[in-house]
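The chain below stands alone, shown as structure tokens; this is the form predicted on its own.
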């Protein structure tokens, strides 16, 4: 906890006491969905921000996890908690296989490979009717009994998982593995010259990202209770990328901040669409695209690194001013 910083204590206080401020089920539901998306975003932040790999197929791992948990609980009556473990492991296995297959790719080629993987998984979900229900989807997915089947119980379960994922990721960043990740992001050639096995660490990052996405997908399936292929395609992968870029790809906290920003925008657009029907449909995609372009143009480092930079700059100016004032006082005293 020493290396993580004081921010974790503020975060824990907000997570614990947020239900006291937002007791309405609508706001709790919004916070639950935000937490579910944050788990995927943290994993993608490790893939993109730490190792510099472009993944446009994160929604595919999310979908694999969701359908894994849904199938195991509805068709085989396995406990949702055991199904969640499988929902994390199976996408991680898929991520391992994919990472091995595309180990030699980078840049645009890597992005296209992950995009193709995403389309393959969505088509598989849509066409494998005997297992996934096809385009019709699945219904009757059991909810998770966590201190009662309620919004509050699901809130604490989801944010408990987010907290575990967050702490793991923050410690990972400060570990030897995290330093290897950052070295690879800066320069694969330099990392290789230092004895870092680039392929191994890139594969590890992909597996961690897939595991987090699958776990999130399992939670999503049990929360909404129904599934269809639509949420697990290209659109949602772009949403995850937008979240990470807005918050700051190189900062784990940025994934949380970016998720809150996007979910607040999504909720705002949903509310406005009731008054202005023109805002319904794919307007959110346009808004996300515009935000992504603006962030890349004017704040490429993202919100959290920018805020941290501003705080550090303010502290530096303040300490400099204090030193100047102290020296002036010493001169006055000397006179």
Partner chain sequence: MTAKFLQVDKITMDFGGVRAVDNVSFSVEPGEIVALIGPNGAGKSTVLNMISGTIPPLQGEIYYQGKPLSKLKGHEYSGAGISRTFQNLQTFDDMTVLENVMVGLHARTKSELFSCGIRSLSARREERSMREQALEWLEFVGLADLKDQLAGNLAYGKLKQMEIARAMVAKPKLLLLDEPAAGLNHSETLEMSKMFQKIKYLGTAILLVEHDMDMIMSIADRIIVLDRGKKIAEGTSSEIQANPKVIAAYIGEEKEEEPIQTSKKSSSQRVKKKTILSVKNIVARYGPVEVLHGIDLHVSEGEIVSLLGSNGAGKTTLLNCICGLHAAKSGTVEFNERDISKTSAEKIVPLGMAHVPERRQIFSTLTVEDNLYLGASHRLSRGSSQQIEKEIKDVYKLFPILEERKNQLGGTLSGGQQQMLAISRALLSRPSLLLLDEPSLGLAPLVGKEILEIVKRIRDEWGTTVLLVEQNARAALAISDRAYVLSTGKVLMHGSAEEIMNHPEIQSAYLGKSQTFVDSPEVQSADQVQA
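Because the structure is predicted, anything quoted here is derived from the model rather than measured. Positions refer to the first chain, counted from 1.
Separately, the form predicted in complex with the partner chain exists; it is not shown, and the next lines address it.
* **Contact residue in the model of the complex, chosen from 226, 136, 79, 175 - any heavy atom within 4.5 Å of the partner chain** => Flagged contact: 175.
* Asked: With the partner chain left out of view, which of 265, 183, 157, 113 would have a heavy atom within 4.5 Å of it in the model of the complex?
  -> Flagged contact: 183.
* Asked: Quick one: is residue 145 in contact with the partner chain in the model of the complex, heavy atoms, 4.5 Å cut-off?
  -> No.
* How about residue 93: is it within 4.5 Å of the partner chain in the model of the complex, going by heavy atoms? -> Output for residue 93 is no: heavy atoms all beyond 4.5 Å of the partner chain.
* With the partner left out of view, is residue 260 within 4.5 angstroms of the partner chain in the model of the complex by any non-hydrogen atom? -> Answer no; every heavy atom of residue 260 is more than 4.5 Å from the partner chain in the model of the complex.
* Asked: Should residue 192 be counted as a contact of the partner chain in the model of the complex, where contact means heavy atoms within 4.5 Å?
  -> Yes, contact at 4.5 Å.
* Please state whether every one of the three residues 296, 306 and 313 places a non-hydrogen atom within 4.5 angstroms of the partner chain in the model of the complex. => None of them does, since no heavy atom lies within 4.5 Å of the partner.
* Among 164-172, 94-102, 128-136, 81-89, the region lying within 4.5 Å of the partner chain in the model of the complex by heavy atom distance -> Selected stretch: 164-172.
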